[in-house]
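Consider the single chain below, provided in structure tokens and representing the form predicted on its own.
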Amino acid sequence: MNAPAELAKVIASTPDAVLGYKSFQLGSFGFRRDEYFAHIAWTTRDGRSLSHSMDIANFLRALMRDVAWGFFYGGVNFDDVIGTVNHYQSVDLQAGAFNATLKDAGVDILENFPTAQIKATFEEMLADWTNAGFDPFSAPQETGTPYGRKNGANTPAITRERELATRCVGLPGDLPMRTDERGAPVNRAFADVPQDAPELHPEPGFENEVHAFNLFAFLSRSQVTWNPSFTSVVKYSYMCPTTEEHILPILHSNDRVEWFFQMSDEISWDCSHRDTGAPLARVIMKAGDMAAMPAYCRHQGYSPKRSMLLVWENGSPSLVYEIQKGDAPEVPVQF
């Protein structure tokens, strides 16, 4: 349903006198945090008050991805109760709408907001609730604690901007992406990754047109986790490699097929049904493995050691609607 006009006001309260954190209101949803937890409250369809709590570290890591990814495609589930669904001009905020138990009990809620409005609310919440020393984009071993009372902020960590290249990494014109120019250090987990560049012998006159770069060296310098990069874009075919450590902070609900190529180490995936949360599969991927997540599933990954994953996305803006109409398949291949 669409949020009524009177519910569409974003309200941030004055900070709590003891804890120091602001509380937020977005439509029917109320958000507050204490020293350990985020609390989300709403009113059910039959008028009852209901609430849900999450560990604040898990909540902030999920919130960070939702903001940084522009609500991604499909659904971003913070856990099995709270989440968002991207409609690409607006965003649904929901509690229990994709949880069979809560939905059957009639205590779920879903409200739609303009993208700019929910984004502004989430950004302000992230800024106020992230303490100094905590980076929600980093692996747990690489950052401080999110717990306790209000203690400063970490604006640089939560306002990272995606670095964009206009040409292949390493060619003239890609300056923002060049590892030698930006000086990004090799991550502690990838100290053994070779940094040498491929050897090329282009024909005379094609020196500025033929190029290759060491993708493993490029990824070894990533200082964030579970944040896909675009390293190849051909029309709607997106190659999005990323480095993963610990737990994917969200359960990603697909609205199209998504391909995974495990380039190093290992990730285990819990897969469940997008709409109900019913378990579907446990997928264990080792280096060299490939898998595809169908459009009807949601998934969460576990990487015990920092690993490299290549995600292939079909970024066609019409694909989700083609799948909904039955004009495109929900599965990667039919045998």
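Here the structure is a predicted model, which is why all the values come from computation and not from measurement. Note that residue numbering follows the sequence shown and begins at 1.
Although not depicted, the form predicted together with a small molecule is the subject of the following passage.
Of the candidate stretches 23-31, 306-314, 38-46, 272-280, only 306-314 contains residues with a heavy atom within 4.5 Å of the small molecule in the predicted complex. Although the small molecule is omitted here, in the predicted complex all of Phe72, Glu244 and Phe260 have a heavy atom within 4.5 Å of it.
Between the options Ser90, Asn227, Thr143, Ser232, the residue in contact with the small molecule in the predicted complex by a heavy atom within 4.5 angstroms is Asn227. With the partner removed from view, the residue among Leu248, Ile158, Leu102, Leu219 that has a non-hydrogen atom within 4.5 Å of the small molecule in the predicted complex turns out to be Leu248. Contact between Arg256 and the small molecule in the predicted complex is not found at the 4.5 Å heavy atom cutoff.
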